[in-house]
Structures are given as structure tokens and as C-alpha cells.
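In the block that follows, a single chain appears as C-alpha cells, in the form predicted alone.
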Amino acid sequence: MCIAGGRVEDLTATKAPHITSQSSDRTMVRRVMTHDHLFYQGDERDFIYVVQSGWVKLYRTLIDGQRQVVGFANPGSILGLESDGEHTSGCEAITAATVRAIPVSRLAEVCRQDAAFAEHILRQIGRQLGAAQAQLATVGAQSADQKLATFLLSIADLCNVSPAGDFDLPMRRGDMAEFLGLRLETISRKMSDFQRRGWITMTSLYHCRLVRREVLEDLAAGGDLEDATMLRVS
């Protein structure tokens, strides 16, 4: 899955004060409201951004005007590493988010001064490359059920799923459909089917519980839907 993540507490101003020293307001913390944009496709890449709280989605506008979601980013993610002169994707907040902006012109300096930050960037690049490769395999080879199972497991792990299996789905069904290459109707139908089979429970529109994680793991690994064990819900 092309979903990024990390440990943003390692990049706080307390542990890396030079990131914010001698900076203007434009290089400090920025707050982005739900559905607002951090940057648009084609904007000059003047900053990279460290997500400190909330979730954002990355998307591309196709030649016919349609949007294709290419990834989601959670706290700890670094945005703006995928391009050079211009942003190749737009970035929209799907929840209220807080990010720290670092000027691209200062990136080399920051990396020289903070080996831990440089190491985090390298890990992030590797993580995003691996996620992109996994996404190619998911879109090209998996069934709709397998795609959804893989997606739910990925988001649950990034959300630090509780011992009871509870986590929040920050994105809308339409975003999930665009990311997985499925129709909105398919996502809605498959979510309902997973609930009917007792594998997940949606306690609200955005709150999910993994009731049978092992079944979803079997599906994500290439298992067949009809071979999965049915769990009847009383």
C-alpha cells in the first residue's frame, strides 16, 4: 500500500531545534483544515513537509479531469520527496492536520546537522518505494476482497489498533475506491459483506473494529473469499 508513516516525535523542535531556528513564519508549523490543500499538483516544490498530526491524501488529476488517489500520509510522514522542481501530486487534508514546513533550500543543511533526521528521510524514501511497489501488485493482481482486506489491515496498523481491534478510518469511501482502483459501489458492497460475515464491525461511519483479523490476513495474502471461515453474528 502506498501509505506512509513514521515516528514524528523524533523530529520535534525539542530534539531538532535547528529545524525551526532562524526561520520565518512560512517555515514553522502550519495547520490545515479538513479538505484544505497543503499544495496542488504543479506547484513549485519550495518546501518538504513533516506531518505532525492528522491525515492527508495525495492525488493526481488525470488528463480527463478525474482524480486518482495515489497515497495517504499519517503522522511521521514526509511529503514532497517524490518530485524535484514541481509537486507531481496534490495534497489535501482528510482530517484537520498539522505539518512542519522545511525549505528545500535548507534540506541539505538540516541533514548535515541532524543525522537522525537524514536517516529518517532515507527510511521514508525506502518505505514509499516499497509501498508503491506493493500498490502496483495490489491493483494488478488482487481481487476486490483482497484489496479491501489489505487496505484495512494497513490502516489499522498505522492507527495503532487497540487490543480490541478498534481504529478510525480517516478517509471517505470514495477516497478508498480511488486509491484501490475500485468503484464506490464496490467498496460499499464489500464493506457491508465483511460486516455480514462478521469479519469487521463498523461502530460508526469512520470507526472500525477488526473482529476476525486472521481472516483478513488470509485474504490479503491471496486467500479466496469462499474459503474463509464464516462467523455468524448473533
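All residue numbers are counted from 1 along the displayed sequence. These figures come from a predicted structure and were not determined experimentally.
What comes next is about the form predicted together with the DNA, which does not appear here.
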>> Under a 4.5 angstroms heavy atom criterion, identify the one residue in H207, R67, R173, R45 near the DNA in the predicted bound form.
In response: R173
> Pick from R31, R60, H37, R196: which residue has any heavy atom within 4.5 angstroms of the DNA in the predicted bound form?
Replying inline: R196
> How about S143: is it within 4.5 Å of the DNA in the predicted bound form, going by heavy atoms?
Replying inline: yes
> How about G165: is it within 4.5 Å of the DNA in the predicted bound form, going by heavy atoms?
Replying inline: no
>> Since only the chain is shown here, I'm wondering whether Q52 would be in contact with the DNA in the predicted bound form (any heavy atom pair within 4.5 Å).
In response: no
>> I'd like to know if Q41 sits close to the DNA in the predicted bound form, meaning any non-hydrogen atom pair within 4.5 angstroms.
In response: no
> Taking the DNA in the predicted bound form, which residues along 187 to 211 bring a heavy atom to within 4.5 Å of it?
Replying inline: S188, R189, K190, S192, R196, L205, Y206
